[in-house]
Every structure is written in structure tokens, then in C-alpha cells.
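Just the one chain here, laid out as C-alpha cells, in the form predicted alone.
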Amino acid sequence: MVQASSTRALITRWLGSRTEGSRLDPTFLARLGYRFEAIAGLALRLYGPRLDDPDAFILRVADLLATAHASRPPELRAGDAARERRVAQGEGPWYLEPGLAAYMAYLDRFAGNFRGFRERIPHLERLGVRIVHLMPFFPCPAGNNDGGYAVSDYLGVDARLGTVAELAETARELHRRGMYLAADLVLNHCSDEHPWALAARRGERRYRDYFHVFSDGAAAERFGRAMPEVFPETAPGNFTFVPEMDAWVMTVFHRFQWDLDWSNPEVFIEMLGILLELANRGIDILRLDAVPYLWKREGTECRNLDEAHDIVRLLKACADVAAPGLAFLAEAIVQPSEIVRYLDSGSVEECQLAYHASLMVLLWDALATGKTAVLSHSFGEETRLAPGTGWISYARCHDDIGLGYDEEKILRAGFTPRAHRRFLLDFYSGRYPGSFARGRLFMEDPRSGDARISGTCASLCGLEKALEEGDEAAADLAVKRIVLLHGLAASLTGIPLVYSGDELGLPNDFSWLDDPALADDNRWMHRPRLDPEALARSEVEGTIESRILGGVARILRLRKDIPAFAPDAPFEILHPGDEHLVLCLRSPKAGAAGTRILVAANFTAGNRSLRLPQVLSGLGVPSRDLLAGGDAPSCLDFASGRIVLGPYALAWIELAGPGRTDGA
């Protein structure tokens, strides 16, 4: 790290270099002074050996921050200040407000364009979400572009979706309604049609150095020998030969996505400028795509290296100076023990939010088996987070469902890991006898037997099959499964996220098979367009759409006023002795008012019950089932002294009295 005297000297030198007409905001200077040592130290740790003049590089970063802050719109500066005051007053960060829920959508599939999106905001308000993640809306190549993640212009907007001005207006409209906008920053790679890549193809050395380029194919092969393949079926290998360059370029994801070389300090400067400009357009949360892959080193898997963490820390320290209201969401789909390393740890500030991918997998595991041992043994053991950070919890997202289990947990649950994984793949692809699911396998590797799972929530839960067969009883069970999964995502931990269309029970969309650009990627089956007719049916009482939307919206609405469901409130998994149930004790945060809530869920199509003393000994006295009402009966049977859960039922049991505080 740079010594304090060095940082003071650098700041003095930088301030002296500013012209008299460029007066700096005192708040900005205070933030810069607070973060400057961390910025300088991280910059030197990452780039020192490659810098001819380290001081000049650090001063370039400071200039970039000052410029970005000066051009930040007044309303966003006011929002920054309000968010800082909130933390200073002990209210916690804005992104952990109680009751927050999120929604993820492709703009064109949800509403056509930005104008159509603004017209459909009332639907999101009806559902009860306040964070909206719009998937990549940047210009990208025609045809297969990895769902928009092959970015050709980080600061542009796809003309089919609208304009940069409409993006900013959409952010302002969300803010007026008390909502927040999340968007992607694709850090690891860009499109091979990005101006940087085109310049590299033309032989411009500056831009060739933005990428991992090998003139020697054998050297590229050696470098990639330890690297796993992300898409072994459709994009095998990790390098692509580019004839114009007579060289191999690293392409970890697809051949049209060139990996950026973050060991080049110029790449950092470019991406920092992009990050700050996106923040100035009103984006509240930046989803850092493929963040584990940022740093590459021969002989390693090129994932989760320490330098990748330092890059994110440096970006966050810079953002905290110029746009401190911005939060980072880590897209790190790795083992839970690795995911938590991307989050703030108290002394080290990195990301504030991360996807709870393992919870998603555990929910689908329990649904297929009807047994909860894997979930109960796995959930919570590696998911405790530092204060000020939180999970995004979900049943489905735009991506496939991978089965990245800890095999020890599978064994503890009484299953054989390889056979268990095979069962799940067969079950959700509909191959297993008696399966209700209609999914497909994604990236199946015949050598290892590994694969991932594609399919909408409704189709994987049995609704597609039930409707095709005209089986009303099966459709009723499928609806209950869909609501149960979303209810648990909203109950167990973190901020619940709903993927577009799942709130209406939309089935698999097979139109992707007719599009040559999409035909090799069956993940498009679970990225359906939001059907206007289904949306209309959701407003008609008794329809499947209204039952699903109403069930999920009711859960999201009720949880807002329950302190124990704050995103970062404590949780404890209980083991009731019934392998078909999940029991989780949620407690208000230390010092907060409110009662404990026992979350109880049944993963079978039959009734399950437990004696109250068996479950609640030392936890408190049950007073009511908070989800009871309307068509939902209470699960509490005081006459028999039991909790009675119907098929795929979810209950929130309020516990009165002091109860136990240890372990939660």
C-alpha cells in the first residue's frame, strides 16, 4: 500500500494541477480524501509493474472521478447525499430497505422498448417490485449475441429499444415512483464488433493490447490447458483464431466475445469511465457480469483469482467518490464459499449484493425429490454475510439451472452424488417416469454426463404438461409449486427476484427454434415474451394467471411490513424430523422491533403435519399464520396442537414471547 505521506503528496500535486476555474465540490473532495489511499494502493498493486509513471496513472483516475462527479445530474447528487445520510443515521443502506423485491426482464420481450416499458410500470407496481433489472440494452451484433452480452457499444442503446435519452428518462420515472434501475456492466468481454476489437483487427497495437492475443497457437493451448469450458457443446475451447491478426484471441464464452485483458491499465481506465457514465444516467445497481473471470493467469482456471477481487474493489472505491449511491451486484455463479468473497467483508469493500444461485438449485432439488434434506443440510452453512450486504434470492432467472453441489452435502442427505445429479437432469427434462416437468438439458456433455437445465418456472413446475393434458388437478398443484418457490425466495433470505413471465405462469416458448440466431441456445425457451393476453387474464379472478400473480404479489406485499423478513435479517434452519418439510426461523435484526417468524413449507402433494411442541420448543408461542386469509386456510390447528400443511403449502407462523436468540 502507498504510505499516507505519499497519498497526501499526490493529492496536493493533483489539486495544484487543477485550473482556477475548476473549483471542486467540497463533498467530492471529502470523499476523494477518504478513498484516495485505497485507490492508490489498489492501483499500484494491480498495475504498478506495468506503469512507467504510477503517480501519473493515479492522477488520471482522480481526473476521471472529478469529471464524472461534475457532470452528475443534480437529482442524482441529491440522491447520493440522501443515501449517505441514511447510513449515517443508522438506517442501513438503501438497497437493504425492508420489503424490497426485484424483477428481471429483457426490455424487448417485456414491453418492446423503453416507451412500452414505462407504460407497463403499473404491472410491476401491482406485483410489488421496486428494483427493475433490464437485461443488456446496448448495441450488439445481429444474430447470436449471447442474449445481449456481446456488447458493441457500452454507452449506446440498441436503436430498436430507444435512445440514451429514453434510458435516462426511464430511470427518472422509476425514481419518481420510488423504484430503482439495475443494469449490466459486461466487464469480462466485449463483442468482436466493438470498436476496440475492430481496431485490433486492423493491427493497431494499442487496441490489440486490450485483449489476450497469442501469435503462437501452442502458447495459447498451454495457457488454456487448465481453463474449464463454459459452453462445451456450442463454443468448445477458450481461444479463437482470427485470420486478420494471424493470432489466437481468448474467447472464454463465445467466439464472438473477446476477453478483455484487465492486466492492461488502459482497460481499467476505459471501463471506469463507462461505469461512471452509466451511473450518471440514473442506474442504481450495476450487475457486474462474469466477475470471477476478470483476471487470467496461466496454469490456473482463470476464475476467482485475487486480482479479480482487487479490480472490483478499485472500481467500487472510485464509484464511492463520484457516485456513492451506486451499488454493485456480483454475477458470480460459483460455490457459495467463493461467492461471499465478492461481497463486502467489513474491512474490504467490494460488492454489496450477489445472486443466491445455490438456493435456487436447492429449491429445485427439493421440488423434484419431495425431500428437503439437501436443502436443510446445505442452506445457511456458507451463506452468512457481512453487515451491509445481501443476497438476491430467486426461483429462476434468464440463465440455465446448473447443479453445482457440494458432494459432501449430497452424501449427508443420503444420496449418491452422480446418481442424484442424473436423476435431477432426467426429472426436469421429462425423461424420468412420473415427472411433471417439461424442460430441456443445456450444454450436455456426453463424456462426463454433466448438463444444466432450461425451462420456464411454470413448465418445470408441471403447468405446461397439466394444461396440455387438460388435467385441472395437476394444474392446481403446478400453480401451488410456482407460488411456493417464489414464496420461499421471499422468505428465507435476501431480496426476492421474479423473472419476467414467471408471475403469469408463462410456459416454455418454442419460437426460438425458428430463429437461426437462437436455435443453438435453448435458454431462449425460458425467456418468453410477456403475453398481453396472459397479462389481461391476470386481472380476471380465478384464472391461472391471476392465481399466480395474486399469490406472489400477496407474499411480496405482506413481507414488506415484517421486520424479520428484512433482506439481511438473521435466519436459522430447523430440523423437525420430517424430510418433506423445510422450517426456517427468521428473526428481526438486533435492536429492531418485531416478532420471530417460523417459515414452514411442504414439498409434497399430500398433507404434512407436525406437533407444535416438537417444532417450537424454546422458540416462542405461535399466535397466527400470517399468510392465512381468503382462500388460504391457517396451518395452525390449536385444537390438535399441530401445524398442518396442505400440498405445496407455505406458512408464516408468528411467534409471540421472548423465545430463543442463540444461533439465529
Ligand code: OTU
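Residue indices: 1-based, along the sequence shown. A quick note: this is a predicted structure, and the numbers were derived from the prediction, not measured.
Absent from the display: the form predicted in complex with the ligand. The rest refers to it.
Among residues of the shown chain, Lys480 is not one whose heavy atoms approach the ligand to within 4.5 Å in the predicted bound form. In the predicted bound form, at least one heavy atom of Phe253 sits within 4.5 Å of the ligand. In the predicted bound form, the ligand lies farther than 4.5 Å from every heavy atom of Arg172. Contact annotation for Phe423: none of its heavy atoms lies within 4.5 Å of the ligand in the predicted bound form. The single contact residue among Asp400, Glu349, Asp320, Asp192, judged by any heavy atom lying within 4.5 Å of the ligand in the predicted bound form, is Asp400. Though the ligand is absent from this view, in the predicted bound form it lies within 4.5 Å of a heavy atom of just one residue from Ala466, Leu167, Ala413, Ile333, which is Ile333. Every residue of the trio Val230, Asp289 and Arg523 has some heavy atom no more than 4.5 Å from the ligand in the predicted bound form. For the ligand in the predicted bound form, the listed stretch (531-539, 83-91, 333-341, 571-579) containing residues with heavy atoms inside 4.5 Å is 333-341. In this stretch, 124-147, the one residue having a heavy atom within 4.5 Å of the ligand in the predicted bound form is Asp146; the partner itself is omitted from this view.
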